[in-house]
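Heads up, what comes next is one protein chain in two forms, each shown on its own as structure tokens, labelled structure 1 and structure 2.
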Structure 1
């Protein structure tokens, strides 16, 4: 049974656990009381938001986000490994009014322009009945990389989140009898919208493992497990941990393509066929295999309830759904967003007037409506460990180094991460001694989040360019 509200943790007779994270368990009454106290404080201070949350995997983050949702104040989840420029961009671009919960001393949050802080007290309790905010209110603004420039904000409404979670609950038979386990970051759609708000809406206790390691998943004793493909491939390489997932009800993968050998190895080791689902920050999750349906390795399933999909050719003409023909995937449905924050041009490029969103993914659809994601239209969007990274953002970070004259960044196939980030750098001859590759990796790491560091930097004499002077990234792969 789904709760009618997006985010009210409803205590049950046994007052069971709602969320366990970082060694602390919030029972349902704890989460209800503590989030009510946060909401009362926001409403009392007339903070309309957005508010920024330093999104560590912790009880404070959970209480802050559920509290803001209950008050109807939009949240900007800030990745806690962000660099100073990234934090400044997220705060400035979103128009954040305050921090909800104080970011720890020594973090990049303290190098960004200061904002007032609204404290979050995990042990405080509020008792007011709060009205449910309107369905079209923005619940959160999530930042996601594009091919160029700084990450773009995607406002996500309560209605979209509700539609996404309800669609997944239907597809996966997800109920309050499940215990959900994952260790994904609480600042992206996967870990936060599905993995945290989903658990609260469905009423299934969440066990967050801190990091998504095979040992932690094995020890967690859940029924429903979420992971990105890197997590499943590490579990597939750890037969002992995998065997301990045999008793689960459903294993789910998303955020990047699940390699077929990983699907097969997990089936051998656990007896489970992983359910794969597909989504984006801009659309939330739109397509999934069903718990009561076919799970075809390499395919991501059927549209969720209310979702329509179509394929278009280069000429804009419809591509047949015959399981063979490849086209650009477009989606519309109740969980699809309506644009990027403050970026009309980027919005107009991706959202058509008729509500169809161009995903930038290339796909095939078969006669039964099964979808297979073939790849991305642009080599400039990289998926590494399930994180979406724009090549342009890393190239700009490298070009800020005095000794770097030119830089081109690509994603190279990687058994563990799906793609690994590799940078090709031309050194400025006037710079004297060439920088060491490790120095450039750390230079990027100082400016940007950890997962955006190149795994490899190759110093090259020149970048391959076409007659127009455009870098030919496909030639870098060879």
Structure 2
């Protein structure tokens, strides 16, 4: 059962807040009644195929998605900042039959192919018993970021969502006694699957802050906080807001690597060591540090319950788990998907016949099973002078310099070395005079092996990032 907390009528004494978003609070009875009304409407109209939801951070979005999932109708979350071409691709590729809730006038959705609209009324109430859809039914179709071509659809089953959330609840000690706080988008795994569906499944109240500002997080009085590294970096720069998170139980970071200096600054200001975790659209979350275990800066933790991981070398042979050797990371487990929608060739390339998924990331694993993600094999594994070097290790070394605010490291083709290590650095404006590139090269050399020093450091005003704050390294190569 995906939503056990919504499976029975709500006793008056247990009718507490379920979700607060966009200034509106839905109590448990509100969410039960409104989502039931949505499900009844979909079933009454015989809508069985996917429905698109304009995924703004709003009560209507929450009600729409929960209602569709309870009806067994797959959801296609559409980012509200999408352009017309992207909307048309998501609708056409997914086979969406209707909009669930009307996109606002003047948005790109109105330039895409027309679809009928099924209204969502937050104040409507339905109280019929709803049969639980099969566990292997598709719950949603989520799309990859499209960094290597058009975004690919990933069908995600109810069973996979349940396994992911339950694995995280075990790792984090997440219960209905928690209040979850975040301000993340409701169209990615982090904000939607973990941050919204997860809260409803676990039964913990959710406070969505709208924009994830330090002030909003400080005022929310939660016990469990989700954020991306950009959010934690901004909180680390606001000691007053950070201090108000001391009363929380757990702080979690994901969607991109958390810089070690940010981890350490948050620990200094809040007393908390941030939990890092690892996942992607195709796999949901598979690896995480535990609330009752070690939290090592720069490391994403241990496999969740039921998850297996392995590292392979270029020759397909296993790479030792010694905390140093880099290999291609493969994963299998109950939350891992089984393929891309309508993309048999891409599916065959990423999924093996034995269920192992090739993540495209390179990693190291130590003897205790702790994982550190080096980065994407295509941009973060640098083969220089016969050595295999992880860009993330060099970036962490650069970020330890007081004058460095951001850093991105890539390998540039080189006739002699194969690839030359080049670092792009954004200087902290509060640091005064910018450091000389040679100074930064020597700084890295003092911390890491000689062959890991950048051959070139370029000072830049900013790094190109996507909507989730991930650095787009392929743009640096140009």
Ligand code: MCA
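Quick caveat: nothing in here was measured; it's all calculated off a predicted structure. Positions refer to the first chain, counted from 1. So that the term is clear: the rigid core is the largest set of C-alpha atoms that superpose within 1.5 Å between two forms.
Taken from the structure described as the form predicted on its own is structure 2, whereas structure 1 is drawn from elsewhere.
In this overlay on the rigid core, residue 223 has a C-alpha that sits less than 2 Å away from its partner position between the two structures. When two forms of a protein are overlaid on their rigid core, residues whose CA moves 2 Å or more are considered shifted, and residue 453 is one of them between the two structures. Fitting C-alpha atoms of each rigid part between the two structures shows the smaller part swung round by 137° relative to the larger. On core superposition, residue 394 has its C-alpha offset by 26.5 angstrom between the two structures.
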